[in-house]
Structure formats: structure tokens, C-alpha cells
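Consider the single chain below, provided in C-alpha cells and representing the form predicted alone.
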């Protein structure tokens, strides 16, 4: 039996085992995906255990993505550029780090919304880790422009300074700036990379954009996946825009991890269906 799992803290609600074990079963691979919750002091030892012959590797989540980056033998080009890994693959005792947050985000855009980012105008709400992965992928896909709207403008400035690319494609403004309506209405893609609208958060029932700020011919992607349909996505539906649930980003980063570990095509719809069933069972 092969071993694979997820490294992190506070993982009791992780959906990864739910959909990854379905994928292994579907592909008839004798592997068990587990939750590995431990303290930072144990990370180095845990990473080294992935070298065992029966280990496929691991996923890495908060707060270990940057720390684990320096503990593998080799890095994929994207991981090297972004400075964090979320997937480790064991190749005969040699460990390689990848960042499938980036590839999973782009793949979900293309496969779920048939959205081609080339030449498009993008508005991103937020400037944290999720925004970073999205921006990195979109820059590589040659978008026309990216506007980052964040509560603290300084954080957004720091984020784009980390990208060694053409700075001219970026604009920055406060999330409360009155120009946000004008920018959102000419956007082809709007991404919420904040926690606004997340279940049990202080802004659970809020949306950063109203229906009249969302153009009918755009795609709205909310990285928040609980609830499945956030207040922003409800507003987007009311505006007539196409929506992508945040669950798809989670699924597709897992899809890319699965394919790196196994070399087989992941059963995307089965993984999504199982994750949805799990959500519904929680009420």
C-alpha cells in the first residue's frame, strides 16, 4: 500500500482525503491519502520520511509551504519562481517540489469556464497567498492587465514587486476606491482572493461587489469555497455573469498533484462530486 498525505496544521476539516482517496480507488492504485498534522519542529523529519519506497509524496499546506520549499532536492520551475511548494513527489528517494496552486487555478479557468486568459483584463480582490498564485499563473498566460484591489495598498505593491515581469500590466487601488466600479465593469475576469463571504467569518454575508458592478460578459471566480455559492457568486449570477466556485481551485490543485504522483489522468468529475457530497452531508 502506497502512502501519501497532507502536511499542515489544523487539518481536521481538510477536504483533500475526501477526493484524493476517490481518485486512487477509481484508478485502482493501492494508496491511502492521510492527514498528517504536526508541529513545525517535526517538518524536516516528516519530509525525509517521504523518501521511503512506499511513499508517493505529499501535499503541503499552511503554514509549511515556504518552509518545505527549502527541504526538497529539486524544484519545478513554477515553484522556484513563486518561492513556495504545495506538492512533493518522491522519485526513487529524490524529492521534487511543485506548486499546483498555480497550475490548478489556470486549469480550472480553462476547463470549467473555457476561459482563455490571453489578452484579458483581470480584477483581483485581495493580495494574499491565493492572489499570488492566481497572478503568477495569469502573468504567464499573457493577460493584458491586472488590477489588484486590497484594503492595504502597500501589501499589493509588495506583491507585484515580487514578480520580475513587466510592471506596466499592473494597477493597484484600495478596495474602497470609487473607481472600482469602473474597473470591474470593464473586466473579463474578476477574482475574489479575500475571505469576504466565507462561512463563519465576520463578513460571511457580504460581497465586495454588487450585481450592478459586475458585467454580464465576464467570469467571476471566488476562491472562497465554503459556502459553495458565496454572496459574490450570487451577485454575479444576478448580473448574468459566468461563475466558478472556489471548490474547483481546490479540486484542480489536487488533480495536478494526483497526476504528478501517479502519472495517470485524474477522474476530475468524480473528485468534485465526492467533495460536493461531503459538503452536503455537513449541512
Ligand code: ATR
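Numbering follows the first chain given and starts at 1. Here the structure is a predicted model, which means the values were calculated and not measured.
From this point on, the text means the form predicted in complex with this ligand, which you will not see here.
K.L.:
Just to be sure I understand the contacts: of 94, 151, 186, 80, which is the one whose heavy atoms reach within 4.5 angstroms of this ligand in the predicted bound form?
P.N.:
The residue in contact is 151.
K.L.:
Heavy atom within 4.5 Å of this ligand in the predicted bound form: which of 135, 109, 191, 127 fits that? Just give me the one.
P.N.:
After the contact test, the surviving option is 127.
K.L.:
Would you check whether this ligand, in the predicted bound form, lies within 4.5 angstroms of a non-hydrogen atom from each of 69, 84 and 89?
P.N.:
No, the whole trio is out of contact, none within 4.5 Å by any heavy atom.
K.L.:
Please tell me whether any heavy atom belonging to residue 195 falls inside 4.5 Å of a heavy atom of this ligand, as the geometry stands in the predicted bound form.
P.N.:
Flag for residue 195 set to yes.
K.L.:
Even though this ligand is not shown here, does residue 203 get within 4.5 Å of it in the predicted bound form, heavy atoms only?
P.N.:
So residue 203 counts as contacting this ligand.
K.L.:
Could you tell me if residue 143 has a non-hydrogen atom within 4.5 Å of this ligand in the predicted bound form?
P.N.:
Residue-level check for residue 143: no, no contact with this ligand.
K.L.:
So in the predicted bound form, does residue 175 come within 4.5 Å of this ligand, heavy atom to heavy atom?
P.N.:
Yes, residue 175 sits close enough to this ligand in the predicted bound form that at least one of its heavy atoms falls within 4.5 Å.
K.L.:
Among 178 to 186, 119 to 127, 98 to 106, 71 to 79, which stretch has residues with heavy atoms no more than 4.5 Å from this ligand in the predicted bound form?
P.N.:
In short, 119 to 127.
K.L.:
Can you name the residues of 63 to 98 that have a heavy atom within 4.5 Å of this ligand in the predicted bound form?
P.N.:
If the 4.5 Å heavy-atom criterion is applied to this ligand in the predicted bound form, 63 to 98 yields nothing.
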